[in-house]
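Here's a solo chain for you in structure tokens, the form predicted on its own.
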């Protein structure tokens, strides 16, 4: 595709002469196996690379949530009654449908989120892999062996679905986060009422079309609308048995409170502020390359982004130069531009404004701009890849920015580095860079994060759990642990004493 380098008032963006063209999915709710229109208010879905409207989606409310929960409740016994083999075959059929629709899903994700080709490819392929993994893992679970733990009584553990799961998914990974939640919950026999982000619903609505005829009616239901309406109605609904959310800490607190009122569990993934603890013996080229990729993947709109570099002061200057050089290779580009080292836009205007406010506030407090720090919302929502050198304890180093912003600070003693890395309220993921095995293990154990990487960052195999500590929430995505989270155990005791 022919491209031209368009210089806006402040920010240079590579733009395509023509945007992608793709057939939009049916923009409606999906309840009990049917697409359902609702009258009243609608939401415009915006292309973040251009600021233009892609589609209009109806906003649901209490009535749609009630109908969806009723459909899920009615479908629950039949779906739960299927064998693991039967449910696995359905999940594999859904994975095959996603694979066959791969290019359309990638294009929808690119337009709705502004993501570069490398990111959309990873999103769709990872979603497919999640369904396939859960289909296999769900057929064989491990638990306490059946046996006579009391004389003349044989005990066994039954694994059962929870029932109806309410799910609220985020705007940064619309398809992938649906897969992370939907696949394990379906595999263990639950039925679902899902609210996608009103900002990025398109691939989720396409998933509903693909699932039609594969999943029985009522097993998957989708209600569109804002969190303050549909999300609140869903999380407080007396007809659900669990609420699962990926979102902000504030949203998690609201959802958990509503779930507690109904005495049902919550499954929460609430973001992060990932430190990159760099030891004096680290391979600095490796660190720079890793931060450049993991700090700016998906334009930094990533809860595990390598966004806070803590460099030992003996190597900080040399490392900073290497990180600046690596990040400077990026170019802002529309999603149609298939080149290496491209970054997309911020996904919606409200978040663009929050990220720019965080950058400007840090600069006002004295942060040194090493790279970037400029934004432009004249045609889309663009922020340059930004590197800031900050003082110890600056708020931007502790609070989630969720954008293309990496901060760099220094430490002197190992104990100080550990304490500073743990200082944030988040505890999702972290990384350590060192050549020494003993140092790596010591620091990894000392870091209060659900996932700790050594000499890498954002290693996310489907087989391993993704879960947070502290304000990052609780509950496991990915791995066989997710199957446990969406199910319950029942102890069955059989008295076989004979007279």
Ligand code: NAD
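All values derive from a computational prediction rather than experimental measurement. Residue numbers count along the first chain shown, from 1.
The same protein also exists as the form predicted together with the ligand; that form is not shown, yet it is the one meant from here on.
The contact with the ligand in the model of the complex, taken as any heavy atom within 4.5 Å, belongs to 232 out of 126, 424, 232, 342. Proximity to the ligand in the model of the complex, taken as a non-hydrogen atom within 4.5 angstroms, holds for one residue of 177, 72, 291, 387, which is 177.
Comparing 398-406, 327-335, 83-91, 157-165 against the ligand in the model of the complex, the single stretch with non-hydrogen atoms within 4.5 angstroms of it is 398-406. Relative to the ligand in the model of the complex, residues 198, 228 and 255 are all within 4.5 Å by at least one heavy atom. None of the heavy atoms of residue 314 is located within 4.5 Å of the ligand in the model of the complex. Within 4.5 Å of some heavy atom of the ligand in the model of the complex lies at least one heavy atom of residue 248. Using a 4.5 Å cutoff between non-hydrogen atoms, residue 170 counts as a contact of the ligand in the model of the complex. Under a 4.5 angstroms non-hydrogen atom cutoff, the ligand in the model of the complex has residue 272 among its neighbouring residues.
If you take 417-438 and check each residue for a heavy atom within 4.5 Å of the ligand in the model of the complex, you get just 428.
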